[in-house]
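Single chain ahead, by itself, as structure tokens, in the form predicted alone.
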């Protein structure tokens, strides 16, 4: 294999979020590598915009299929993700073996949160470094003008798949990611700060008591997807002050 170095670059939601440090890293790359989820992938278009802004060639490979069956249990879900990672790994290795050089892997938000790029790159066995990006929880807090935690208290970062289990274990202040339209039944008296496509096309914000704004969130999510062609949303969910669910 030709000597290869990889730079894992967090780019937030697009060119407007690329930090000077990330921009300098991109300037040192020979090309960037990304997957395409179909023939007309609007998320790939954002990566292309980042590359265009920094004069970097974007090399594209098809994204392997992943089992997204709604009935998967935890073991099935983790197995599906593992198979998907293995297929992506093989696709990436083919490009790196043929091209060598310094390659950028562009990561939505920040590479440290719910993203498998670092694990994939580590498995490739190449030298790499990581450039942080603006994360979705950071953008959510900024857009709503809030602090994610109460004074001296923790914030729990989780996924929609785990929300009810985590609340059952006593979590009362949660940033919930990977939502895909989460069911909020039973949380009517909890406070929510919700956002979609933060800092990008189709941005929408809603805040209030869940019972008062759940319908508004559904409509705003649909509007964000219609405007941008895709939707990424998350929210901060905080239990009532008296601790009653």
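None of these values were measured; they are calculated from a predicted model. Positions refer to the first chain, counted from 1.
Only in words, not in the display: the form predicted in complex with another copy of the chain, which the text now covers.
Residue 18 belongs to the set of residues with a heavy atom inside 4.5 Å of another copy of the chain in the model of the complex.
In the model of the complex, another copy of the chain sits within 4.5 Å of a heavy atom belonging to residue 119.
Within this chain, residue 142 lines the site of another copy of the chain in the model of the complex, having a heavy atom no more than 4.5 Å away. Residue contact check for residue 90: none of its heavy atoms lie within 4.5 Å of another copy of the chain in the model of the complex.
In the model of the complex, another copy of the chain lies within 4.5 angstroms of at least one heavy atom of each of the following residues of 111-130: 111, 112, 113, 114, 115, 118, 119, 122, 128, 130, in sequence order.
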